[in-house]
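Shown here is one chain on its own, the form predicted alone, set out as C-alpha cells.
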C-alpha cells in the first residue's frame, strides 16, 4: 500500500448532461452548446487534477464509458477505508450501468496493491458510496446520509463492515441529494454544513457531537454554489468558487482554500468531492486526536 495520498478520478471523455436525476441537472443547458461545454469540462477537470498533484497527491484515472456520463463522479462508486472498498449500488437506472465498470476497475486496483479488499453490498440494498458516507478523521466515525439516494438500512451494514461507528444524518431536500453536497468535516475537527439540507433531528445530532466553536454553518447562497462539495488534503481545501465569508472563516482557522472553476460539473450537481474518491483514506488517529476525542466525549456524554 502506498503512503502517497491517492485519489481516483474518471476520464471526462464521455461526460455530458443528458438526463435529469436531481434538480441541478438540466440537459437543455448542456445541449445549447455541447462542444463548448465539453471543452470547458475537460479543462476544468484537468485543473482539479493538476491542483491535487501539485499538492502532493497521486491521481488514478478510471476510463469513462459512453452513455454513463455520471461515472465522472467516482465518489459515489464506493466507500473506502484502510484499503477496504465497499462498492455502491445506485438508486437510478441511469447510474446502475456504472457498477460493473467500477467493480472491475477496483479489482484492478486491488491487484496493483492500491486496495487489499473489494466487497459488495447485499443485493437490493441501495447506498451511493462516499457521497453519502463521509469519514471524520478526528472523531473516527462515519457521517452517513440517507433519505434521498441511500437507504437508512445501509448504515448498519457500513458500521459492521468497517468496524467503526456510524452517525446517520437525514437529508430532506432533493436539491441536496447526497451528504457530500452539503457537509464536510475537516482535520482540525471543524464541520462545515448547510443546516437547511438536514432534518431537525440530524441538525441536533451535529450540535450534540460538534462543539459550537467547531461548527461552521453555511448559508443557502453558499450551498447553492456547491463549494461545500470540497476535498481536503491536509489543510488544503479544493473547492468550487465560494463566498468571501466562507473562505475567510476557513483561512482564519489555518486552511488554504484552492478555489476552482467547476461550472460544467455543477450543471450535474457535482463539485470537487464528487469528482474524486480518496483511495488511501486511513482510520489511524491523527496527531492530537486522543486529547480532542476525550474532550468531545465529555461534551456529548
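This is a predicted model, so every value here is computed, not measured. Numbering follows the first chain given and starts at 1.
Another form, the form predicted in complex with arginine, is not on view; read the next lines as being about it.
Contact annotation: arginine lies within 4.5 Å of heavy atoms from the stretch 171 to 179 in the predicted complex, the single such stretch among 155 to 163, 196 to 204, 171 to 179, 119 to 127. Interface residue among 114, 139, 149, 89, judged by heavy atoms within 4.5 Å of arginine in the predicted complex: 149. Although the partner is absent here, residue 64 is not a contact residue: none of its heavy atoms lies within 4.5 angstroms of arginine in the predicted complex.
Although the partner is absent here, residue 131 lies within 4.5 Å of arginine in the predicted complex, judged by heavy atoms. In the predicted complex, arginine lies farther than 4.5 Å from every heavy atom of residue 102.
Though the partner is left out of this view, residue 73 does reach within 4.5 Å of arginine in the predicted complex, counting heavy atoms only. For the stretch 8 to 22, the set of residues having any non-hydrogen atom within 4.5 angstroms of arginine in the predicted complex comprises 21, 22, in sequence order.
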